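Taking the form predicted on its own, here's one chain by itself in structure tokens.
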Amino acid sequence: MKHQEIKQRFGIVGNSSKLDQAISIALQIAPTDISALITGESGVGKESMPKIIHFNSQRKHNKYIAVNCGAIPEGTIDSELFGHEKGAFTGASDNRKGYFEVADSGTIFLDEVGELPLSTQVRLLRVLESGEFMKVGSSQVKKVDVRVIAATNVNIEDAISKGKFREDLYYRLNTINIKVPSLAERIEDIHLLFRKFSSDFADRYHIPPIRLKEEAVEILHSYSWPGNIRQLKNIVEQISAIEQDRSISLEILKNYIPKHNSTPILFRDEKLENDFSEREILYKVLFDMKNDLNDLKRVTKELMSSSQQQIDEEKTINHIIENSDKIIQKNKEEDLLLTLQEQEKILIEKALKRHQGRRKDAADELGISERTLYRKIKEYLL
């Protein structure tokens, strides 16, 4: 089944290569019974991947059950998952089947698996390894044939180091890892999703759909979207319900974007994202210029002339290199910034030319994110 057919069937919107990669892995493992762990930030749409796996597997005609482990109280989670016998605890007035027993021969999706108590993790590991479990209050072993797919937005390896998650269970679940990209990693999909949600809410509330003016689209791309798709959908719903003017300007949209996080995150954890800021591009240019001492000498002489400093020329060059952060931030040194910007533009042009306009490949070569490259292309009218 082609990706476009999958997206239409499961309501997935977007053309991001990272999203397509996640779908490809899900389709590839679907015919097997292998366990999978879906990872990604909260609100990215992880729940679509286990559906893709189940409904393209041999189990598609059997039960598919999704369980939010984080929403079930710790005292009842074992009963919910594995069932209980009558009289097993106060209030257990009847025998009850758990989700694993109900899903026999099918698939069970354990969302927020990182929230499971350690005692429940032991029970889950046994099911994964032998297909066996016991109901709460029973000594009788039951067997089930269930495919388990789990998802989490927490760092499981960190939870393991803190003793909150069993390492053996992690490796058993994480046979295959499918990472669903964050919205910030899918810049090209943000406006598509905005239009999709606008159309959905227009149909739901019987109102004209909202649309963004051109200048308002840029803020969608520059915002970091910590709440991902869920946050974007919430904002579109707010605007659809409140604004009388259905053509949304930049100023109107700003009222709905949280001000404390209205610009891109400049620095991220290297394990999560190699996201270089605009300032870091200038660092790259500056250090490339180390190999051209003549240019540096010329810039240094201009700075020394304007400030009448009598400092050894070579020491000043080294000082500029070692303190590049300060150099970049000083608005007074316009000549240096101009030189950096010219060099930056040349680097970007050459990278785009080498990769025939493919922004992703050019961004990888430059060591920057696609978001930053997109912004610089617009800035330099490339």
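Residue numbers here begin at 1 and follow the sequence given. Whichever C-alpha set is largest while still superposing within 1.5 Å between the two forms counts as the rigid core. Everything quoted here is computed from the prediction, not taken from an experiment.
What comes next is about the form predicted in complex with a small molecule, which does not appear here.
The candidate site formed by Pro73, Thr120 and Leu173 is entirely out of contact with the small molecule in the model of the complex, as no residue has a non-hydrogen atom within 4.5 angstroms of it. In the model of the complex, the small molecule sits beyond 4.5 Å of every heavy atom of Arg96.
Heavy atoms of Glu349 never reach within 4.5 Å of the small molecule in the model of the complex, leaving it off the interface.
A residue is said to contact a partner when one of its heavy atoms sits within 4.5 Å of a partner heavy atom; Leu193 meets this definition for the small molecule in the model of the complex.
Taking the partner from elsewhere, Tyr223 is found to have every heavy atom lying beyond 4.5 Å of the small molecule in the model of the complex. Distance criterion of 4.5 Å from any heavy atom to the small molecule in the model of the complex singles out Asn153 from the list Ser240, Asn153, Ser182, Thr107. Out of the listed residues Arg230, Arg126, Lys254, Arg211, Arg230 is the one that sits within 4.5 Å of the small molecule in the model of the complex by at least one heavy atom.
Picking from 349-357, 44-52, 58-66, 29-37 the stretch near the small molecule in the model of the complex, with a 4.5 Å limit on heavy atoms, gives 44-52. Positional change of Arg9 between the shown form and the other one stays under 2 Å at the C-alpha, relative to the superposed core. Taking 2 Å as the criterion, Lys360 counts as shifted between the shown form and the other one: its C-alpha moves by at least this amount when the rigid core is aligned.
In the model of the complex, the CA atoms of Lys360 and Arg195 move farther apart by at least 3 angstroms compared with the shown structure.
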